[in-house]
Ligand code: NVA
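Just one chain follows, in the form predicted alone, and it is written as structure tokens.
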């Protein structure tokens, strides 16, 4: 039976822990130069409606290092760009590929693909969730803290897709999440309801300082995501006071780390001094996209 990973909640706590453990092993193998062709003769199709740096490169390199092959599929180069329905594309791709990763503007597009594909479908990003990013984030937190279940993670900024997946992941990891956003940019009520029903530990804080107080992790992301460019000036005004800077970092635990899923806009959501500072783990976090996704691919595609 095929498995799709459209949400971080599609993994049980046990499965998530196993993937993180596998990612640690795969990271060690890579550093030691040990071959690990677990997906020999497997092929991953990668559909990109949205531009990408980390998602494309990490999946493509990951499939190569696992002994498989990845195909970059731009919708404008497919018949999707000429009006072919997603359900028809899903059926055809399933006859060729071992799995499909899709990075889409709308979560409904990914759900439609998964409904009609007969091979595993992975959400590489949608407007609702970014589960692959959160797998890398959990791996990073575990590397720095060991057990993550008692951590407090402060999210400061836009209540976007990464924030949504972080909130939902609390139900699988046990860590608590505090969210500070401007009033009109909070996570959707539907996500908060799902999180509560799943057992997530989430608090909405009225100020960035309240969220950051004694936190173990401070996490932020761009204020203007792809698709929101027309709101740029409005968002910059709305998010004034939500920059993760040295003053906000002083509110956190002395051993706190700072995370950002990139791309970063220094001087907006994060200061240059913080992202380049000793508490920043942003580059480890970016690297861990590769290892976490390799572990996910092995779990989904290896017989």
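Residue numbers count along the first chain shown, from 1. Every value quoted in this text rests on a predicted model; they were computed, and no experiment measured them.
Not pictured, yet referred to below: the form predicted together with the named molecule.
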Only one of 221 to 229, 89 to 97, 164 to 172, 206 to 214 has heavy atoms within 4.5 Å of the named molecule in the predicted bound form; I'd like to know which. 221 to 229
Give me the residue from 275, 262, 61, 238 that has a heavy atom within 4.5 Å of the named molecule in the predicted bound form. 262
Contact assignment for the named molecule in the predicted bound form, among 160, 181, 200, 123, heavy atom within 4.5 Å: 160
